[in-house]
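What follows is one chain in structure tokens, specifically the form predicted on its own.
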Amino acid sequence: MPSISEKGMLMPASPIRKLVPYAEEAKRKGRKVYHLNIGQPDVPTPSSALDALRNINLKVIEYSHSAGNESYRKKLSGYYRSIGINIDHNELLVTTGGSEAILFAMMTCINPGEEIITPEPLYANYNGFAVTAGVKIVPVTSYIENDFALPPIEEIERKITAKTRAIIICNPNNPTGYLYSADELDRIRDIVKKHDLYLFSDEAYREFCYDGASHISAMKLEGIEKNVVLLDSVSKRYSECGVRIGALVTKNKDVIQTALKFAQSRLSPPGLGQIAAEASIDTPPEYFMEVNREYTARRNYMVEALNRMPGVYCPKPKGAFYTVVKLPVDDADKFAQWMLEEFEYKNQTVMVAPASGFYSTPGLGKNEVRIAYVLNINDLKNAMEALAEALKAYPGRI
């Protein structure tokens, strides 16, 4: 029988999705499964997007320009200018989700075998994208004990070698919910400028900042304008994960021109998705205010509920809608599977994402999970109650 490729063998399974078969089996048993494993918001998609899809009168759904529809790119550049990112429509590419933007950035800016430094825990798919692009993720560990703040700049600098080409950050962070401060971003800017690196800034959760905190885009960092590549997505901003529309944004024209060649090879981003995303830009501010209030309430409830459980520690995230939680268990992967296979409380159970898959360093995150607070308060209450009972009953509790 033919063998599988080395790249295929290296590709990691998703920590977010690998337990899906166990969840499906639990549902077949009649159990209610609360999905805290995946960032699928339950807030409604803006009506402007849904109306645009309902009212399509096209006779042919055509290919778009490889860079994306010009009408959408112009409108999207206007959105960025409205939040202080001064670009025009020729300084961005529309991509098939934020995922493709990340992959295009890696393939455009980094040679196979070269390295990208990133704080960990990290968005798990960075590992998979790096395998696809043939590049190496070099992690710098942040710790739950200080709520996953940026590691000391000296630790980052020690990781820089002749093969280092970029730093990638996710701000606000998935999976930790950490929001980088102006001082932390200035320190990242200084090291990028000193070593002439690319800075990939994944800002898909820009609108999700809490307690009056503000997001600072890497595009606003002075002195590294040509080094920054902004990676973005409409999935979470407008609760439309399924339209698969993202963006790669940069003032570096060489990066845009080169990434466009990769974009041409995949022909075009989704046509219907661009129609929905373009209409979404008209979403009124009240939508985001209500979403922010809702997520703040969910976060506050969940953090308090988790920290009341014996042996559990949950930082209070400043952004996004995730947190990484330390549990009193021997192995979070085993615990997550056990909850789906063997546990039920009032015919309910919980699905979480083991945090080991959000680290690149082997062995880290063994007693941590990522929880996404994307369910309504009532469902969160039931999920937290079930999780508390699961921790009492788990045979591998420590």
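In this text, the rigid core denotes the largest set of C-alpha atoms whose superposition between the two forms falls within 1.5 Å. A quick note: this is a predicted structure, and the numbers were derived from the prediction, not measured. Numbering starts at 1 and follows the sequence shown.
Below: the form predicted in complex with a further copy of the same chain, not depicted.
Q: Name the stretch: of 289-297, 215-223, 80-88, 253-261, exactly one has residues whose heavy atoms fall within 4.5 Å of a further copy of the same chain in the predicted bound form.
A: Contact criterion met by 253-261 only.
Q: Identify whether a further copy of the same chain in the predicted bound form is within 4.5 Å of every residue in the set Ile160, Ile169 and Lys318, based on non-hydrogen atoms.
A: So, no: the whole triplet misses a further copy of the same chain.
Q: Only one of Asn227, Ser201, Asn173, Thr118 comes within 4.5 Å of a further copy of the same chain in the predicted bound form by heavy atoms, so just point that one out.
A: Of the listed residues, the single hit is Asn227.
Q: I'd like to know whether Leu231 contacts a further copy of the same chain in the predicted bound form, with contact meaning heavy atoms within 4.5 angstroms.
A: It does not: once a further copy of the same chain is placed as it appears in the predicted bound form, Leu231 has no heavy atom within 4.5 Å of it.
Q: For Tyr178, is any heavy atom within 4.5 Å of a further copy of the same chain in the predicted bound form, or not?
A: Although a further copy of the same chain is absent here, Tyr178 would stay clear of it in the predicted bound form, with no heavy atoms inside 4.5 Å.
Q: Are any of the heavy atoms in Pro395 no more than 4.5 Å from a heavy atom of a further copy of the same chain in the predicted bound form?
A: Taking the distances in the predicted bound form, the answer for Pro395 is no, it never comes within 4.5 Å of a further copy of the same chain.
Q: Verify the contact flag for Pro285: yes if a non-hydrogen atom of it lies within 4.5 Å of a non-hydrogen atom of a further copy of the same chain in the predicted bound form, no if not.
A: No, Pro285 stays farther than 4.5 Å from a further copy of the same chain in the predicted bound form.
Q: Can you tell me which residues in 100-116 come within 4.5 angstroms of a further copy of the same chain in the predicted bound form, by heavy atoms?
A: Heavy-atom contacts within 4.5 Å come from Met107, Thr108, Cys109, Ile110, Asn111, Pro112.
Q: Once both forms sit on the same rigid core, is the C-alpha displacement of Ala390 at or above 2 Å between the shown form and the other one?
A: No, because once the rigid core is superposed, the C-alpha of Ala390 moves less than 2 Å between the shown form and the other one.
Q: Kindly check if the Cα atom of Arg17 is displaced 2 angstroms or more between the shown form and the other one relative to the superposed rigid core.
A: Result for Arg17: yes, a 2 Å-plus shift.
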